[in-house]
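Only one chain comes next, encoded as structure tokens, the form predicted on its own.
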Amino acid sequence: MTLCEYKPGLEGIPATQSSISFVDGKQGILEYRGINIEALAKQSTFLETSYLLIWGSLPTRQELADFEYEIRYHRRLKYRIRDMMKCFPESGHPMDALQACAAALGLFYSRRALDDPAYIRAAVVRLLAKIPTMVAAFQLMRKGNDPVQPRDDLDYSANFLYMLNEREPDPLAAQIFDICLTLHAEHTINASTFSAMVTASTLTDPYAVIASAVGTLAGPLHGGANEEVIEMLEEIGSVENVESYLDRCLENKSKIMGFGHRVYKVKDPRATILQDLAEQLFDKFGGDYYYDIAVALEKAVADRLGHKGIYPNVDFYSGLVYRKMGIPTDLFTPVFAIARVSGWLAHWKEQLGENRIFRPTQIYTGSHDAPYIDIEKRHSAADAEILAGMIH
């Protein structure tokens, strides 16, 4: 068998066949189950979109009502999970806390009946219902406060903001947050989704699948980028400093956070929607001087790097939206995870349909027939360099 050409990061190499989502990076198109993301953001809700992604079609009115009811009444956490969270260090990153909590769910719901539709649905409901509660609970606990219990009279997004901020959110803020979740729900075979699929292919439990994906999302080259966008805007400081900051980035060949995408060569359609959502928030609740810096940076990057297909991605404006809602910067990625759980679960369910364990090959670059050296005759790497220098 002839090995294919090596592609770092598996760039451009198909890893699966899927009917869940579609991206055309040249045209700036994103579809969930064939439905354009702009239509879903305008007309759907996050839970309806989640149902679409996971079960493959838009629900009827009764199906959606049943789904929302199940999730509404599974939001609470086992007290032992809350006790475990109380032992987490206050300085720990919320993504690490979320990964530990997601994995811990498997201890309480350990039955692996992956051929049972009722088990599949129960796992979907638990994860969609409890992940937001975990994120909000850790935020309050790390400040020394008891977590706020979910409210059954609030919808999915309003309830999360209520648990997080200890007050009922403004309806516009809740609506915009729900749209944000829809925008982040799914995006083909990205790093965290691939991680979820590889884990799922071993037929482990779905809680381990989601914990694996959360760990992958935490990296700054994936979900963590939205945190770094705010840090970058803080570093720039003012609109007047945009050009000089960009000059330094280009001179040092350093990454401009929130720009560029492996797939999109035009502006990410989600970034366009998020920018409009940010402006709606600013119109009602007051502006954010970071937004002016962001707009100036987008223009400068487009002028100088647009010919290379480098434009804002989903991370560039999402942090500004969350910031205006009072969400702490280090919760941006956990909020991303709340949304992406639905996409991960969709791929988990699809993987189970025609499962085969992932086992890619490699191109070996090491030596052959190397001798075993007795321990008394071995030299450390530093000694070997010294000896090599003496010989030369």
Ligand code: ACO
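Numbers for residues come from their place in the sequence shown, where the first is 1. From a predicted model like this one, the values you see are computed outputs, not experimental measurements.
Although not depicted, the form predicted together with this ligand is the subject of the following passage.
Think of it this way: in the model of the complex, this ligand has a heavy atom of just one of Pro220, Gly237, Gly287, Gly306 within 4.5 Å, and the residue is Pro220.
Note on the partner interface in the model of the complex: the residue among Phe160, Phe177, Phe259, Phe138 having a heavy atom within 4.5 angstroms of this ligand is Phe259. Considering this ligand in the model of the complex, the lone stretch of 306-314, 160-168, 193-201, 139-147 in range is 306-314 [heavy atom distance within 4.5 Å]. Under a 4.5 angstroms non-hydrogen atom cutoff, this ligand in the model of the complex has Ala225 among its neighbouring residues.
At a distance threshold of 4.5 angstroms between non-hydrogen atoms, Phe336 is in contact with this ligand in the model of the complex. Although the partner is absent from this view, Ser254 contacts this ligand in the model of the complex, with a non-hydrogen atom inside 4.5 angstroms.
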